[in-house]
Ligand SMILES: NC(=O)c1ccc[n+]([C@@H]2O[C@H](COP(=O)([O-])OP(=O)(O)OC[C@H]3O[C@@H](n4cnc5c(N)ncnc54)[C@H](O)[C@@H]3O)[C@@H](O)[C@H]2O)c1
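First, one chain by itself: the form predicted alone, in structure tokens.
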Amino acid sequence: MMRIGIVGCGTIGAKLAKYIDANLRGKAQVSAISDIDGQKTRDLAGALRSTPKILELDALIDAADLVIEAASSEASFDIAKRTINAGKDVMVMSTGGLLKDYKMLFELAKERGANVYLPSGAICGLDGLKGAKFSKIDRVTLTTRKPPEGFRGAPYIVKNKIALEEIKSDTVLFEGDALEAMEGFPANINVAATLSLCGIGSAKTKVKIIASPSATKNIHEVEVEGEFGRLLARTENVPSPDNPKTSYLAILSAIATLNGILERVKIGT
């Protein structure tokens, strides 16, 4: 029986906890949960049959075999580092928080014998990229389109005083590398971080962000070119019914990753 601790009881954390509680009985259980919002934590604990403990981070790590980070990019690196230091496995949803120091984190995981799991999230195509990077890759690009309001409050928007309400046609807000994209749009583009970590790094992964008034979904297009050929993957994400800022596929991807950890049969790259 795998003991799972979940840090972050928002949309993704709560959905994962309820899935584990309802579908993985006998294989895994939610042993502990944590969130800076005490009411969210109490509400979630009361909704689960496993009656998880509400604990601070270090105690939660002690009570778990696998820690799932579903908090924020500001907190994800610290959560992952402390979990790995304790020799425990970690699944990170807010991958943007790992970009700057991921090499140190991955080396630490080797030293401690811990596993780090990064779900694909809201994009497709990582399976092809994982294979392609064993040959020469010429370029990796990500183009993201969202309705203008989806970028409200992003540091890049605030700093450049961009009036989102005045955008009436497709407008390129940003072009640069993945690390710059994460710094400017931390709540919007974890997909760029995951793509970078899977492939050729943040400096070589190019990102274009477009505000599209006609868009009804969050759209991510991945393009990879190299010795293997050319890969194109377009994902049109439906929002989670509980939170329009979270893509439903991101939740499903986390569920699939968790099942992959527990199962002995692996299909796909």
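Position 1 is the first residue in the sequence shown; the rest follow in order. The model shown is predicted, which means the values in this text are computed figures rather than measured ones.
A second form of this protein, the form predicted together with the named molecule, is not displayed here; the remarks below concern that form.
Proximity to the named molecule in the predicted bound form, taken as a non-hydrogen atom within 4.5 angstroms, holds for one residue of 217, 40, 206, 53, which is 40. With the partner omitted here, the stretch from 156 to 164, 172 to 180, 69 to 77, 135 to 143 that lies within 4.5 Å of the named molecule by heavy atoms in the predicted bound form is 69 to 77. Contact check for residue 196: every heavy atom lies farther than 4.5 Å from the named molecule in the predicted bound form. Not displayed here, the named molecule is kept clear of residue 17 by more than 4.5 Å at the level of heavy atoms in the predicted bound form. Using a 4.5 angstroms threshold between heavy atoms, residue 11 counts as touching the named molecule in the predicted bound form. When contacts are judged by a 4.5 Å heavy atom cut-off, residue 246 counts as touching the named molecule in the predicted bound form. Highlighted residues 7, 94 and 191: every one comes within 4.5 Å of the named molecule in the predicted bound form, counting any heavy atom. Of all the residues from 25 to 42, those having a non-hydrogen atom no more than 4.5 Å from the named molecule in the predicted bound form are 34, 35, 36, 37, 40.
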